[in-house]
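First, one chain by itself: the form predicted on its own, in structure tokens.
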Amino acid sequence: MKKKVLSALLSVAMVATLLTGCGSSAKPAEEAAAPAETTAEAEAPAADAEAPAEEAAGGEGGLVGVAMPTKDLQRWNQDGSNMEAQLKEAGYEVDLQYASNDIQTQVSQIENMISNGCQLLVIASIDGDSLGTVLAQAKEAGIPVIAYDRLIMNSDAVTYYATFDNYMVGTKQGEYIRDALDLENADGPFNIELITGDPGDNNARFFFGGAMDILQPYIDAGKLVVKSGQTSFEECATANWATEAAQSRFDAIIASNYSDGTKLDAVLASNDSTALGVANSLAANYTGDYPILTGQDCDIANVKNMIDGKQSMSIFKDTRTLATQVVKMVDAIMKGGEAPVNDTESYDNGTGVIPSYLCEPVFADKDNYKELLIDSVYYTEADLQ
């Protein structure tokens, strides 16, 4: 399903959206997804364990297992610490585990959570198709499962899904490029290259699909030209969202297509870890003006690049907001009720549509990052020095 999303919001509107928290727009049903990864591990933001203005409901107590994929990327450290802090504040015990991006380690951690008496599981999976057996154990034990940011596929043990609006993330990136190049009015042609995330992360297809729904008509019309010829998801994917893999691929693209002085006008990068790889490659190999470069997650290194003019924008997904919503869902379930959701149509994991809560992303750039990131105490000025 294709969507039309409003063009890039004004800064004031973005701040209002952020303060409002989670949104309720529906997503395409064709594929299921979960959020992108961020850049290499950096210092945690000053208030990454601090909840947003809206408090989570108080808990009745009980043990909640929280399984995160890795500590190697900044965003998952923030997600885990925010979740742990807010669950504890709500009165729950928390078993928080990171799996070092190793599937079997995550499976073992979840098995231990089940055997140790966790009454509910919140899982950000490494691979959405790899948890069927262990989650069958959770279902047999009557343990509810909330898929966090990445939809767990092909398991009827998944009770709910909580994430950001992943398709909207991609459309906002595509719209940013469209508007920055003035594709509606400019003659072009403009050269663009594309890079997205891990094939095992369902979200990567949502991000890429949302952006390409905006950009593909201009590619078809010849106004945007992908000189590398690499336009399919498979050709543009980056294993594990790894910065090094993104940089290596982009080194080859520049050497083959832009080393002769040909101008590169824009790069669609689905998240900040891949954008960082692109920026590193540009610094080492490209002599022209910096292209428009998108991203996602507002990692510290990438915000610094935005300030320095080496990255144009990044999608901001306030992990405190998502943690607050998940705590509300946990609290409702643990009290014997149904979790609050705002989407019951879009995310089919192969066993049926999973009731979901979608939070709305906004984009940050050099003009509004202070309002979004500093004024909200997500980062301090010192973090970005």
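Predicted, not measured: the structure shown is a model, and the values here were computed from it. Just count from 1 along the sequence shown to find any residue number.
There is another form of the same protein, the form predicted in complex with beta-D-glucopyranose (BGC); it is not shown, and what comes next is about it.
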> 249 to 257, 148 to 156, 105 to 113, 277 to 285: which one contacts beta-D-glucopyranose (BGC) in the predicted complex at 4.5 Å, heavy atom to heavy atom?
Replying inline: 148 to 156
>> I have L73, F207 and N271 flagged as a candidate spot, so tell me whether each of them has a non-hydrogen atom within 4.5 Å of beta-D-glucopyranose (BGC) in the predicted complex.
In response: yes
> Of T294, N302, T196, N203, which residue is found within 4.5 angstroms of beta-D-glucopyranose (BGC) in the predicted complex when only non-hydrogen atoms are counted?
Replying inline: N203
>> Residue-level contact is defined here as any heavy atom of the residue lying within 4.5 Å of beta-D-glucopyranose (BGC) in the predicted complex; does K317 satisfy this criterion?
In response: yes
>> Please tell me whether any heavy atom belonging to Y167 falls inside 4.5 Å of a heavy atom of beta-D-glucopyranose (BGC), as the geometry stands in the predicted complex.
In response: no
>> Do any residues of 241 to 267 have a non-hydrogen atom within 4.5 angstroms of beta-D-glucopyranose (BGC) in the predicted complex? If so, which ones, in sequence order?
In response: W241
